[in-house]
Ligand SMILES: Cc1ncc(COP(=O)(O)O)c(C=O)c1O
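Next up: just one chain, as C-alpha cells, the form predicted alone.
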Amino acid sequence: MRQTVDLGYGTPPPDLRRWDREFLWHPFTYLREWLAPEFEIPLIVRGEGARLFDEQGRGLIDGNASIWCNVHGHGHPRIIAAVKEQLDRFAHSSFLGFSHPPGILLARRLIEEHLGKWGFSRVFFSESGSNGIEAALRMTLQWQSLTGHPERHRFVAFRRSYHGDSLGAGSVTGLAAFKSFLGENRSGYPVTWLDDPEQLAEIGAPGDIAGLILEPVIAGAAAMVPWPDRTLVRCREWCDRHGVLFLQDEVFTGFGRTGRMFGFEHEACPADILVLGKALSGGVGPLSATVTNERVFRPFARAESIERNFLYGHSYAGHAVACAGGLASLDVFREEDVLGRLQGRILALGEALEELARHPGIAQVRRRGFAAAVEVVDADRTEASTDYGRTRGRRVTRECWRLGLAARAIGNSVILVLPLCAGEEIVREAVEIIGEAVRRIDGPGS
C-alpha cells in the first residue's frame, strides 16, 4: 500500500503520476513505456548526500548524479546557504551589458585558482552545456574570420561523441541516435568525421577546417568509452600544425569526474576553448562556461564595430544564483579536500567493478576515474550493444530502482556516475545492486 505524504505542493502524491502522464513530455524518455498505466513513474521528492528519496521515504543511491550535475551531494549546507543568501539579494539580473558580483567572482576564481596556469584567461557564461558548446563553435568560426580565414568553416569531430542537442552542438555530435531523424550532416555545421585520433594523419590539406572538438579522457554519452592514451596530445599537435583551434568539451568530465579537477589535466594538454557545465554550479542550477585564452579573445576585443563583436548570449546567462552555487562548490572542493578523498573511492569502485565483471551477464566494464559503465548481455552473451533502442539496459536499471539505485542506461550499458561525496560503502552497495539486478532478470522466467 502506497504511503501518502504531504509534499507541500497542495496535492497528494497519487495524482502526481496521473498528471505527469497527462501534461508532461519528458526529455530522453521512451514515451511508450512511460505512458503505460502499469509503469511506475519514478517520483523524487527529496535529496540528502548521495541519496534521493521518493514519496514513500525510500532511499535511492543517486547513481546518475542527477544527470551528472551533482558533485558534493544533495543539500550540502555550504552550497544551500550560498544560494539562499543570493536569493535574499536578487535572483536574476541580465548579464547582457550588465554584471554582478557572483559572476565576476566565479570567473576570477576559475581563472586564478584553476585554469589560468593552463593559459586560460576569459570566461563566457551560458546556461547549459549545449549553449556553451554553441558559443565555442561560433567563437571558433568568427575567430577564423577575424584573423583572416573566413574560408575556414568546417569542424573535425569524432563519431564516438556527444556535444549537445541544439542544432550546432548536435551537428558535431557523432552518435547516430541523437541525429537519426536528420541524417548525417543534413543541417548544421559541416563536419569531417573520424573514428580514431590516428586518422588525423589521413586528412589532407585542412584549408577549410576551423576547429577540432573532443571530450577529453572518456566519451561519456558514448557509454563511457575511454580514449587511448595521448589522444589529447595528438589532437593538440595536429591543430597547432594546421592553424586549427582545439575545443575541449568538459561538460561531463570537468570537476572531478575523472579523478582530476579537469580531464585535460591527465595529459597536461589544454585547449584553446574549454567548455564547462553540469557540475559548474555545484548542481543547483543551469550554468555553463566557455573559457578561452587571450589569443582567442583578443581579435574580438579589438573589433571596431559592434557587428564584429561576439553577438551571442541567452537571457539567463550567468545566472546569479547558479554562480553563487558555483562559488560555494569551489569552496567545498578546497576545504573538504574533495579530490584527495576521492582517490580511495575510485580504488573501491575499480575493485567492486572488477569483481562484477566476472558475472556471465556482463559483457564489459569500462571506467575512468569515478565514472563507469557496465555493459549487460543475455546469458548466452548475444545482446551486447550500445544501440539506444535496445531494452535490456532499461530492464536492468528498472530493477536497480526497485533495489535502491537510481541509474540510467545508454543502450545496454548501465551508467554509474555517483556524486563525489559517495563513500566507499555506498560505492560497493551501488555496484552490488547492479549485479543483483542482472541476476534477477537472468533468473528463472526472465
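In case it trips you up, residue 1 is the first one in the sequence shown, and so on. Just so we're clear, the structure is a prediction, and the values are computed from it rather than from any experiment.
What comes next is about the form predicted in complex with the named molecule, which is not displayed.
Although the partner is absent here, L115 lies well away from the named molecule in the predicted complex, with no heavy atom inside 4.5 Å. Within this chain, F252 lines the site of the named molecule in the predicted complex, having a heavy atom no more than 4.5 Å away.
The closest heavy atom approach of E375 to the named molecule in the predicted complex falls outside 4.5 Å.
Among residues of the shown chain, F124 is not one whose heavy atoms approach the named molecule to within 4.5 Å in the predicted complex. Segments offered: 346 to 354, 77 to 85, 292 to 300, 155 to 163. Contacting the named molecule in the predicted complex at heavy atom distances within 4.5 Å is 155 to 163. Checking S171, T231, S130, Q144 against the named molecule in the predicted complex, a heavy atom within 4.5 Å turns up for just one residue: S130.
Residue-level contacts in the predicted complex: of K278, H319, H72, R257, one residue has a heavy atom within 4.5 Å of the named molecule, and it is K278. In the predicted complex, just one residue of 211 to 246 lies within 4.5 Å of the named molecule by at least one heavy atom: E215.
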